[in-house]
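First comes one chain, alone, set out as structure tokens in the form predicted alone.
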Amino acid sequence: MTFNIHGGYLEAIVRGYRAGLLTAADYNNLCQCETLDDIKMHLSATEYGPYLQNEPSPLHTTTIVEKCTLKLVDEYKHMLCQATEPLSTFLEYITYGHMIDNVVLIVTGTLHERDVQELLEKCHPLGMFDSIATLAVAQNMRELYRLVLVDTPLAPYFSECITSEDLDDMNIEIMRNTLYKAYLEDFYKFCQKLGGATAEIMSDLLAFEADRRAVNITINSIGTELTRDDRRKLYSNFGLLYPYGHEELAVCEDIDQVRGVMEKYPPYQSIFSKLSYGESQMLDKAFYEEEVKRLCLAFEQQFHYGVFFAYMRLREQEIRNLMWISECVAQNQKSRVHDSVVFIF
């Protein structure tokens, strides 16, 4: 009853933003474009117009993605400024995933002796925090936590990955997945505490995210030295696959065994039925398509915070679509343009 006192205005705003998402007709026109300037011209008639209008030719894919991301950031900041508790905390939770990706990007880049300034430019603007540039000085997890992350919202998630081992590619990937696991579980608990339609809708969306990560961790760790127990520790403690699906995924040795496990769960059976045996390249797209369906359904109910999460995710998917189309056009690979585009409407 009292939702609209604090959340009504912002829910109206986010539903208005959602109306500005690109439609199937927009994507069909974008897929016909011959050059990046054609893409810019088409986008000038959409909500991205003001962000791209002053960009000189020749355009680069990175510029298009950067400007489209800037629009998302501006919208997010506007919503965050207007939000009161507990919505403001909910909105902050949405950015923690980007923070984790940024931390991993900087640490991996430093390990490979890349320039810190160049790495900072590649970071997602929603996941920036004050001391991010100093990440480059850390030699192991303990230092990373003590020098930098202790003052960020990610601090509580680090308790499970503080070791004195030096950072290498394998450790960093384990760190990313351990952080993500702790983050998703924390976000899930927060949504449960909010109760009502928010808990119901967000439980479904976060459970899907946790299950997708479990499948990706399994597939990516096949053939590496990661033990079964270590693999199981990286799975989130909730979701449709928890706990029995996790037990089975932990012992999978190839993609077809993963498929066998997933086909026991009806919501995921339809995803794997789209793939031929032994094929995992199209799995990401199949998962994205399923996620987009679920995110669109979040808008069917009112008076809940799931619409904010859904909108941010749909906009990020749209930016991924634009990046793929732009890359295909720039590299003259127009025959592949439909391979990775996920239609939202």
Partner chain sequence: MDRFIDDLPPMDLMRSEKMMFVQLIIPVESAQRAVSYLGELGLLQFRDLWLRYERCRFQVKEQDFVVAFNYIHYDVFPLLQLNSDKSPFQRTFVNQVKRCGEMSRKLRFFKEQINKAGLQSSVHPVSGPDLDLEELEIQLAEHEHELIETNSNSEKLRQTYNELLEFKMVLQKAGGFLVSSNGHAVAEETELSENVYSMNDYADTASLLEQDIRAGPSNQSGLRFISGIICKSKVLRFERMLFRATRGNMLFNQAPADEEIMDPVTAEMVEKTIFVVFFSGEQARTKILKICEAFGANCYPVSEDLTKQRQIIREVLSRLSELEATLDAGIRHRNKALTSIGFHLTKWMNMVRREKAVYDTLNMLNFDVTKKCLVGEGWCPIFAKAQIQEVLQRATFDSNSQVGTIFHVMDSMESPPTYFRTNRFTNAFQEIVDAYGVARYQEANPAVYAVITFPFLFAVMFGDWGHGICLLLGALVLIAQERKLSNQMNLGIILSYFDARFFGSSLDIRYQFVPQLIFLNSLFGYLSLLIIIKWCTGSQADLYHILLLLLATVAVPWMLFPKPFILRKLHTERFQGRTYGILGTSEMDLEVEPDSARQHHEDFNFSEIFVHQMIHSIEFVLGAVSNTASYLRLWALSLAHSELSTVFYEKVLLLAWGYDNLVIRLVGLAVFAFATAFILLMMETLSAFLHALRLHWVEFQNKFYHGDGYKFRPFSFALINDEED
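Model, not experiment: these values are computed from the prediction. Numbering follows the first chain given and starts at 1.
Just so you know, the form predicted in complex with its partner chain exists too; it's not on screen, but the next bit is about it.
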Next on the checklist: I'd like to know whether residue 170 contacts its partner chain in the predicted complex, with contact meaning heavy atoms within 4.5 angstroms.
Outcome noted: no
Item to check | Contact flag, residue 146 vs its partner chain in the predicted complex, heavy atom cut 4.5 Å | outcome: yes
Checklist entry - Any of the heavy atoms of residue 63 lying within 4.5 Å of its partner chain in the predicted complex? => result no
Item to check | residue 136: touches its partner chain in the predicted complex, heavy atom cutoff 4.5 angstroms | outcome: yes
Checklist entry - Mind checking whether each of 85, 270 and 290 has a heavy atom within 4.5 Å of its partner chain in the predicted complex? => result no
Next on the checklist: Please identify the residue among 316, 284, 55, 47 with any heavy atom within 4.5 Å of its partner chain in the predicted complex.
Outcome noted: 55
Checklist entry - Where, among 316-324, 296-304, 47-55, 64-72, do residues come within 4.5 Å of its partner chain in the predicted complex by heavy atom distance? => result 47-55
Item to check | its partner chain in the predicted complex - contacting residues of 13-29, heavy atom within 4.5 Å | outcome: 29
